[in-house]
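Below you will find one chain, with nothing else, as structure tokens; this is the form predicted on its own, and questions on how it binds or moves follow later.
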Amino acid sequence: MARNLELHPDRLLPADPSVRGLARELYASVAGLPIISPHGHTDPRWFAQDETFGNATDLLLVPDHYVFRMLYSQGVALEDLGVRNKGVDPRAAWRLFAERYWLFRGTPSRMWLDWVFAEAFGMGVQLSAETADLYYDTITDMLATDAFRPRALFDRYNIEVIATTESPLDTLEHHAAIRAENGRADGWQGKVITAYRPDPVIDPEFEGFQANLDLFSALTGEDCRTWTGYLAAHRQRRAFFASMGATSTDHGHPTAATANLSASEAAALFDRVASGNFHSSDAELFRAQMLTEMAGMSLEDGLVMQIHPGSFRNHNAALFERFGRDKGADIPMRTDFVHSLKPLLDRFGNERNLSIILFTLDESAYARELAPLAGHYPCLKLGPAWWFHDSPEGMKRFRHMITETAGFYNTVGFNDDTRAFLSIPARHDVARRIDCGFLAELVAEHRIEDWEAAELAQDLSYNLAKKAYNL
């Protein structure tokens, strides 16, 4: 029997009626604010070419590692879901998903997807084996219409700006096309910017690193087999990214390790990693040195620096060999920040014109390390609960563990950090509801005034992200 799909208007708000009333008022004041999406992984090609998304499987299943990692954990082969398998029947893949939708009970993916199904596509019954074909046909038919093209959805959900993330080796042709469109009086005016993600040419253990150095040389005209040429190439590409709208860089390192080597030591280290004959300790030290080098360049050019450490990438070696990166096999790790960041902070920590946003997958570091660090150093801010913790309970833990020491204004609001385009408004809705509930509880406990909560709701939903990312 098909069951109704209904989104309760008070979902995620506090259960206590006396607190829920205030939370409801706060949420109503921010629910319609524009979306600032300052960091994510959507494809700029979507907005440059504005083509239809295809079918339900192409849009909602194949790109979303949150979804297929759960299915894989329950024995569903990624090939059968259409991952790196163009030959699969997309309807059959969707049926596999629908038949197992119950696996997502209690997860943020269920909450985001139900929002997309109900709000974006108007579905009134829950996804299940019984309704699989109804969902597939309805969504696929709607995706073929102009109202569901990327630019129309961007406008429909009141996205003020969205940042994608590209490698220094990317030519940014799609961003150039978007900017050309923006420049025409009759063109689409949506703001889509890039962010500089140099991991493929900074991490010596990144697959293809040696070839990437040569591509880096060819693209910039610098000799990226020399330390000075390599650094010059980064400065050149950073300037190009900034000319394409970038206001930030992003660094996905295994750890938060930083180093502050002398120029001669750094050059000797680079020679080792560029030769291909290096130890894993050299790779870690080089990544550490490059975080400090990137911080120095951010002080020069004003790009906000984001550090996303603590993920054991591609933990499933066999899966990585068959399917490549970002297939749901990344696992959080314990992460040290106090000792790891000290070399960088010794050099740049007191710079008021430098902005470094820290993220973590190690929640044990929130109160012990991150909040005290951000509550002291002028250059540091804390990014929101990230990845595995971008969830109702994760957001609550983040606020409870960092607010007393770092306050609200050493944080940067919310960013969705997603590849799944339609989950962006869903995720922002969740964050706004959780934050409004947290603020309502502070008012009920007489820790802040109601007018302060109203100001904070606006800041957490919109103002802080816009300010932190210079948007």
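All residue numbers are counted from 1 along the displayed sequence. Just so you know, these numbers come straight off a predicted model, no measurement behind them.
Form predicted in complex with another copy of the chain: not shown, discussed below.
K.L.:
Out of 96-104, 206-214, 129-137, 175-183, where are the residues with a heavy atom within 4.5 Å of another copy of the chain in the predicted bound form?
P.N.:
This holds for exactly one stretch, 96-104.
K.L.:
Mind checking whether each of R84, W115 and K191 has a heavy atom within 4.5 Å of another copy of the chain in the predicted bound form?
P.N.:
Per the other structure, none of R84, W115 and K191 touch another copy of the chain.
K.L.:
Within a 4.5 Å heavy atom cut-off, is E369 in contact with another copy of the chain in the predicted bound form?
P.N.:
Answer yes; at least one heavy atom of E369 falls within 4.5 Å of another copy of the chain in the predicted bound form.
K.L.:
Residue-level question: is P108 within 4.5 Å of another copy of the chain in the predicted bound form, judged on heavy atoms?
P.N.:
P108: contacts another copy of the chain in the predicted bound form.
K.L.:
In the predicted bound form, is there a heavy atom of another copy of the chain that lies within 4.5 Å of any heavy atom of E51, even though the partner is absent here?
P.N.:
Because no heavy atom of E51 falls inside 4.5 Å of another copy of the chain in the predicted bound form, the answer is no.
K.L.:
Though only this chain appears here, would S29 touch another copy of the chain in the predicted bound form if you measure heavy atom gaps against 4.5 Å?
P.N.:
Flag for S29 set to no.
K.L.:
So another copy of the chain isn't shown here. In the predicted bound form, which residue out of G394, G302, G229, G296 has a non-hydrogen atom within 4.5 Å of it?
P.N.:
Selected option: G394.
K.L.:
Of these, I162, A233, L361, A257, which has a heavy atom no more than 4.5 Å from another copy of the chain in the predicted bound form?
P.N.:
Exactly one listed residue reaches within 4.5 Å, namely L361.
K.L.:
Across 393-407, which residues bring a heavy atom to within 4.5 Å of another copy of the chain in the predicted bound form?
P.N.:
Counting only heavy atoms within 4.5 Å of another copy of the chain in the predicted bound form, the contacting residues of 393-407 are E393, G394, K396, R397, H400, M401, T403, E404, T405, A406, G407.
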